[in-house]
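Here's a solo chain for you in structure tokens, the form predicted on its own.
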Amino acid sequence: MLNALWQGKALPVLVVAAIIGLFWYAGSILLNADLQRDAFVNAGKTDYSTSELIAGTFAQERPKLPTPGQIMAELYKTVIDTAPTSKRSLIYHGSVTLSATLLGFLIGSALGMGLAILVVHVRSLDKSLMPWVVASQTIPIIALAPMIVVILNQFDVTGLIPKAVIAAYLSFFPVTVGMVKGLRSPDPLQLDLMRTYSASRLQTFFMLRVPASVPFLFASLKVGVAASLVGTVVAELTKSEDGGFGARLLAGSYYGQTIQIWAALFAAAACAWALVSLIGVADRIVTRGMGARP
């Protein structure tokens, strides 16, 4: 039975999570021990046991490395106990981040698929456009994001759009590359067969190239949606007045609230996991609709 569980997905994930948790708690003790010793000295307590020191490192208000328990408690407080409309709620900040993420992802995906179609069907663009597509990703987003926000503000474009543009900038690249690979994946013999049937380029595209590109497309969409969320968070570090996970991270760094920072990171990771999972569900629905075996 144990072997059957190990062959599945749950048990290996739980074992790895337990190992990471042990190392995390050990790291919390090592990193927070000096702060706790100073706290004991300031309180006039010079005679303390190792267990008291360890317990103290797990209960600090502003630790260098919070424990998973402290992070979970912060998540419970800011997700469950706090009203969703409050600016202290991670649900509120999550809605701000996800709105820009989804808009940017839709723009980036549409742009990526359009560029891929052009590259595959216009041979000159393969040599002239693709190098620029690749070169666009060599610019650090942390340097590019403030420039985009400032430039768009000069044209009175504020709010959701600048963050969506940055999210689209990161998400279009994997979609473009994946779609190009997928559209070119059919075997030359299959293309020759379509020509034998006197199929037009449009018929070949929809009946052969598009079905062949579906696995590549969904794989790239998973990467793209995660990159889109990263771009949104980076944009929020630049434009924090609207809220979002990035604004929460920035506020935590200003006031030394490390637990708040880690809680926002965990919440952002959970949102990315949910978005990737939704695309995975859509992938399974589409592939089954195309006749693939489960």
Partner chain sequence: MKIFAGSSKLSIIGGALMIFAAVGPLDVGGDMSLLTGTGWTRFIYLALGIIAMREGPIADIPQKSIWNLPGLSLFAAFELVVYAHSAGTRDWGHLLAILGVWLCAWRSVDIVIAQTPARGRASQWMQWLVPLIFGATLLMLWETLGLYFNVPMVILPTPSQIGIRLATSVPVLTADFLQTVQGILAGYVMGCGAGILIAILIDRIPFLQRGLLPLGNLVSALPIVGVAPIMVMWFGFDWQSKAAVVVIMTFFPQLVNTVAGLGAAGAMERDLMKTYGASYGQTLFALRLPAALPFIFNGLKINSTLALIGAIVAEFFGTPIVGMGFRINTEVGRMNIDMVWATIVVAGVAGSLFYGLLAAIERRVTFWHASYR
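Positions refer to the first chain, counted from 1. The shown structure was predicted, so the numbers you read here are calculated from the model rather than taken from an experiment.
The same protein also has a form predicted together with its partner chain, omitted here; what follows describes it.
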ask   = Pick from 77-85, 192-200, 206-214, 140-148: which stretch has a heavy atom within 4.5 Å of its partner chain in the model of the complex?
value = 140-148
key: Site test, Ser95, Met113 and Val180 vs its partner chain in the model of the complex, non-hydrogen atom cutoff 4.5 Å   = no
message = Would you classify Leu31 as touching its partner chain in the model of the complex, given a 4.5 Å non-hydrogen atom cut-off?
response = yes
ask   = For Lys64, is any heavy atom within 4.5 Å of its partner chain in the model of the complex, or not?
value = yes
ask   = Even though its partner chain is not shown here, does Pro131 get within 4.5 Å of it in the model of the complex, heavy atoms only?
value = yes
ask   = Is there a non-hydrogen atom of Ala282 within 4.5 angstroms of a non-hydrogen atom of its partner chain in the model of the complex?
value = no
remark   = Looking in the model of the complex, the residues of 232-251 with a heavy atom no more than 4.5 Å from its partner chain, listed in order, are Val234, Leu237, Leu249, Leu250
remark   = Taking the shown form as reference, the Cα pair Ser171 and Ile142 shifts by 3 Å or more in the model of the complex and sits closer
query = Relative to the form shown here, do the C-alpha atoms of Ile141 and Ile259 sit closer together or farther apart in the model of the complex, given a change of 3 Å or more?
reply = farther
